[in-house]
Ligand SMILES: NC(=O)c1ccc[n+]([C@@H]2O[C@H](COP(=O)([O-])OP(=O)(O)OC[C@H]3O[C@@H](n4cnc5c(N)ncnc54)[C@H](O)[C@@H]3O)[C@@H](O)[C@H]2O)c1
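Next up: a single chain in structure tokens, the form predicted on its own.
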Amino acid sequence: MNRRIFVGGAAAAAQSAFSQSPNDQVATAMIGVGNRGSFLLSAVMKQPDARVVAICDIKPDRLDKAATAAAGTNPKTTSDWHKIIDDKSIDAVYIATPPYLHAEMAIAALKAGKHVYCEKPIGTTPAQIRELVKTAKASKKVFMPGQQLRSMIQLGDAVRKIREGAIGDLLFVKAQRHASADLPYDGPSGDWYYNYQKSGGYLVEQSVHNLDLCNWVIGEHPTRAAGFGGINLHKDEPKGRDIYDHQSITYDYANGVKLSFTQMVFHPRRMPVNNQTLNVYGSKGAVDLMPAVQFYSIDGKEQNEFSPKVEEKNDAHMRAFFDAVRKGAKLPADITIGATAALTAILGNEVCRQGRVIGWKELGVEV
């Protein structure tokens, strides 16, 4: 690996911002520093007990930009992620590559004795997730998926109240993740996003957040699903596209709750319905979890704030990872949560692609 040399004064100035010495900090490497990865890099750099010591990306411009941003810690740089895994001086790895690479990289890092923060989804196939679950559970290292909604205080309080019976018996959940357009075809993700094998499409790559929140509220994963999807607007856009531009899926849960979920990429910008919504219906009323956290009584006479607003910290999920690494703190999201979220999205894709009801057990993964 090549080491970039930076002006000593810049390094010293950056080091003074840390409250701990380099030996006390978690030596952290970043694999993938595109849009999401660069955000993670910025968040990691703010953690007093973390030190970015290596950066990996296959695109030179991204690698150079990230290395410049982290110049204060003078990180090693490479385009070969295997060198990150083989470097025994690295304690923890952040993985923010295209989804189809997540599981392979995470498994290798765990087996090499490194703590792992893996962006969602943790895998794009049941086989990948099965192997990662096995490896993570056998490892003594921390594994945390990027299901950051689990670190939001207001959502956590609302979920707790719902699970404790504040809206009565849970009956039904309706959620959606709509967008007004595709991601830019010539953008930083355009070379892999529209390939189903690499991304899993919108449902797996993005809606995995929404589906995870639904599972969190309901308290379990679905037992089966049915649904339909297609490419109605963006046919062969971009050329070779094989991911859906819309889907409608119904999930069935063992406790009798049903989840109706839709995703699409042609939701008009000014249409008076929020792009992301999540409504939870109970025998006493309903709660709007997205975009607000409001309660509505079933008779329509009561409407109030269900959980108080709090100042959410953007790096709360990052902080939780390092607290687990350094202090053994409990994770807000672990391998089971990451696997369940990804498998719920994969199940939704499979029922659309196969055109039949598919049971959870058919995925063949014990979580």
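No experiment lies behind these values; they were computed from the predicted model shown. Residue numbers run from 1 along the displayed sequence.
Separately, the form predicted together with the named molecule exists; it is not shown, and the next lines address it.
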query: Non-hydrogen atom within 4.5 angstroms of the named molecule in the model of the complex for each of D57, G146 and E205; finding: yes
query: Listed residue that, although the named molecule is not shown, lies within 4.5 Å of it in the model of the complex (heavy atoms), from V287, L101, V133, M264; finding: L101
query: Heavy atom within 4.5 Å of the named molecule in the model of the complex - residue from S248, N195, S189, N279; finding: S189
query: 4.5 angstroms heavy atom contact with the named molecule in the model of the complex for A339; finding: no
query: Non-hydrogen atom contact I218 with the named molecule in the model of the complex at 4.5 angstroms; finding: no
query: Touches the named molecule in the model of the complex: N74 (any heavy atom, 4.5 Å); finding: no
query: W81 within 4.5 Å of the named molecule in the model of the complex, heavy atoms; finding: yes
query: Proximity to the named molecule in the model of the complex (heavy atom, within 4.5 Å), stretch among 157-165, 101-109, 136-144, 237-245; finding: 101-109
query: Stretch 24-59 - residues with a heavy atom within 4.5 Å of the named molecule in the model of the complex; finding: I31, G32, V33, G34, N35, R36, G37, C56, D57, I58, K59
